[in-house]
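Below, in structure tokens: the form predicted alone, a single chain.
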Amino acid sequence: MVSQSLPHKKTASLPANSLAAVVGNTPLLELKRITAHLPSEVQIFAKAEWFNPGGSVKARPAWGIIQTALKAAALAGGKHLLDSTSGNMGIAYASLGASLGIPVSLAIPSNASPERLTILRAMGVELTLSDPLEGSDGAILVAQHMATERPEKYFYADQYNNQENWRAHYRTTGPEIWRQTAGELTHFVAGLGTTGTVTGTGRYLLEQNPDIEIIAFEPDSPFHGLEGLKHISSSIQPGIFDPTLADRTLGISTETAHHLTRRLAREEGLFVGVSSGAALEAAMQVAGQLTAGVVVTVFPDAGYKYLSEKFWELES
């Protein structure tokens, strides 16, 4: 069984001291205390994506999209990178954009956490706040309108339909997981938001071993509190989504995700966002049906951008 992460090489094509050079190559952590009830031959690992610039998994697709846009001169002439976001992708754009001198404009729901809005404003992002009742779909529509109205000002990155989103995970997340588990993983579990993680990582892993099971998860209802995740059937479906990749899709409740997010902090020392609690619940559902196996999931970010959320105050 897998016992530890394997070392990785840094990206050779970028200066070692640049921000973009440290995107990816995140640790793979084994969860032990919170999974003690599982059979000894069943392991759950999580990619610690808060080690990325900007503090989340979104640094991977953000850098892929920016890199491709720069090569195509799509950001020439001082154009702003424009996109919709619920927070993490915007912070990734802002971090990398600031380091490269690229202005960033974002449409974001006005009920995004104060921490996220403060971070984005601190980085000089031009924010357009969308209707909180329309969620991430409302922000998408606002960004589309802005791009149509001012094509001379904006390069519309369109993360939900940009092929560089899933390709970033195909190039980085998938190969990292394959190396870090020495090819021993049996199941990969990832949430559905833009769907880039499950699409790109899933495609790579299945090319290495078609017997690996790919399990997606989403909120169990259209009205939920799982930031960054989409209830796919009731949302604008991302153009990059490949519904044939996942062997099954699990529905996760907000309350369960909150509960496990608190447990991760107290039992594993991992102060993570609520989507990580949802990922753990999905991974434990999968692991609970096994007598042996290596289940890998992704913890998208740390909990610091959600400190104002009331669920932290509840008892686990």
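Numbering starts at 1 and runs along the sequence shown. All values derive from a computational prediction rather than experimental measurement.
The same protein has a further form, the form predicted in complex with a small molecule, not shown here; the description that follows concerns it.
Asker: Identify, from the list Thr194, Asn162, Ser95, Ser136, the residue with a heavy atom within 4.5 Å of the small molecule in the predicted bound form.
Answerer: Looking at the other structure, the residue within range turns out to be Thr194.
Asker: Exactly one of Ala107, Ile177, Val125, Leu229 has a non-hydrogen atom within 4.5 Å of the small molecule in the predicted bound form; which residue is it?
Answerer: That would be Leu229.
Asker: Given that the partner is absent here, state which listed stretch (179-187, 221-229, 67-75, 150-158) has heavy atoms within 4.5 Å of the small molecule in the predicted bound form.
Answerer: After filtering at 4.5 Å, what remains is 221-229.
Asker: The small molecule is absent from this chain, but in the predicted bound form, do Lys58, Ser275 and Pro300 each have a non-hydrogen atom within 4.5 Å of it?
Answerer: All of them do, each having a heavy atom within 4.5 Å of the partner.
Asker: Can any non-hydrogen atom of Asn88 be found within 4.5 angstroms of the small molecule in the predicted bound form?
Answerer: Yes - in the predicted bound form, heavy atoms of Asn88 and the small molecule come within 4.5 Å of each other.
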